[in-house]
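Only one chain is shown below, in structure tokens, and it's the form predicted on its own.
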Amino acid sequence: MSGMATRAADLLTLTPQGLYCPGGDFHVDPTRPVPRALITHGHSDHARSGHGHVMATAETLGIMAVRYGADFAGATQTAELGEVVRIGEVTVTFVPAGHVLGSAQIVIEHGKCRLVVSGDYKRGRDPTCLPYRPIPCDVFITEATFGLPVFRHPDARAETDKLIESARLFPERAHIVGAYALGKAQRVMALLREAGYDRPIYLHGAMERLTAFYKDHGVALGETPRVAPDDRAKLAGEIVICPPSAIQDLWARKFPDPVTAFASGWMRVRARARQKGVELPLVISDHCDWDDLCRSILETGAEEVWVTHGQEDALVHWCLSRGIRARPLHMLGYGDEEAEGQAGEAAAGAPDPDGAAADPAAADVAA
């Protein structure tokens, strides 16, 4: 479209707080408190407390309340999926992103220009949230967490089958699975249930509140008791879900000959698994792999692509080689699962001996 790039730059610009829409006077996923914020999803690198007004899906608002308390913002507004809402000179529409429960892309339109902020998204099947929906647009803003050709994620169901088979083969050992508290942990549980695993799935205390939130929103996760301090030695043959940091903590050593597992897209890199002492790497990601990033860009028909965080340069190069204008935004404040998750755990404080944490929703950024 002639002049599209100029209009897009006017429609959304980069500020120290993050992406800002002058026509609507709001930020999208701002990294610092702002008067008005539109939030794509509840992970802590996108959804922060202290904004004057927050607009997000009902599930994301609920997740923010779980994480930060009911007064996490001065005021809130629920975004209904698919509903077109006018804010100032622009319209906005929230559509599913497939990342975690309540996650959404935000479509911003003015005149003949349509821009889509995808937030974090994935194309893989996830029984705990609505699937990603491709939206035709002029400008597509994408992440690139796994934006290198080496990252090609396997079927998540096959990965959970490995976990079930290991638990069957080693009934004398507890299986301790590191998974981020928002989205990844619940997805692993739901996939286990779909595969027919009907035993209790035991939870570290930091997983309880968000898991209860998912259950309250109709996600079938089955029996998920909290690990009691005195029961750890009795959980041979059981599967336990905990924050990633806990698999190397004293907390995990009280289980019988534990098998340490970690559900993450980064487990594709064997060096990372070895570095973390992971015996059973599970390549389960809540982000797109390389092929799905490229497919998603093509499906939008976008003439221009902005890359917010991750492996920006590789994806920009791929776009340019196909005649798609592209640029990296080099935005600060958005972390990959490892960096952001560890930061969240550190901020929350170390788990106490019985598996509770100062912030039960700590370590929730999933990759």
Partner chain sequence: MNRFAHLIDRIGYEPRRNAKIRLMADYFRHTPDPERGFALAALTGALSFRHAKPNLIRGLMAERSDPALFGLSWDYVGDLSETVALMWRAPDPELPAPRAEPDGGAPQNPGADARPHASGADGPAPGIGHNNPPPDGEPIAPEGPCPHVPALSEVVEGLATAGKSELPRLVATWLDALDETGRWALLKLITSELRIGVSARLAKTAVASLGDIATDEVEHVWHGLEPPYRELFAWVEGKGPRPEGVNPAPFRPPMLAHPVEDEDFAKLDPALFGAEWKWDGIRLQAVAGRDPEGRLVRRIYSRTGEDVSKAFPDLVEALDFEAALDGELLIVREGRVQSFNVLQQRLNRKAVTPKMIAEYPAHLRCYDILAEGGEDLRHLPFADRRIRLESLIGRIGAPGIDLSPTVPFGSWEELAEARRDPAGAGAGPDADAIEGCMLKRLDSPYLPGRPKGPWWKWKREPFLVDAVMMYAQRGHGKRSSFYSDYTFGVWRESAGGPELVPVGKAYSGFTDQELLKLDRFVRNNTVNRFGPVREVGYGPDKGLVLEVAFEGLQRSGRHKSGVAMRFPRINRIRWDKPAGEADRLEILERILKKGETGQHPLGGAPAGGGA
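Here the structure is a predicted model, which is why all the values come from computation and not from measurement. Residue numbers count along the first chain shown, from 1.
The next section is about a form of this same protein that is not shown, the form predicted together with its partner chain.
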Quick one: does residue 290 come within 4.5 Å of its partner chain in the predicted bound form, counting heavy atoms only?
-> yes
Is residue 230 close enough to touch its partner chain in the predicted bound form, meaning at least one heavy atom pair within 4.5 Å?
-> no
Do residue 155 and its partner chain share at least one heavy atom pair within 4.5 Å in the predicted bound form?
-> yes
For residue 31, is any heavy atom within 4.5 Å of its partner chain in the predicted bound form, or not?
-> no
As a check of understanding, the residue in 110, 254, 123, 193 with any heavy atom within 4.5 Å of its partner chain in the predicted bound form should be identified as 123
Name the single residue among 66, 314, 331, 324 that comes within 4.5 Å of its partner chain in the predicted bound form, judging by heavy atoms.
-> 314
Hey, of 76-84, 177-185, 197-205, 232-240, which bit sits against its partner chain in the predicted bound form at 4.5 Å between non-hydrogen atoms?
-> 76-84
Can you name the residues of 120-154 that have a non-hydrogen atom within 4.5 angstroms of its partner chain in the predicted bound form?
-> 123, 124, 125, 127, 128, 129, 130, 131, 133, 134, 135, 136, 148, 149, 150, 151, 152, 153, 154
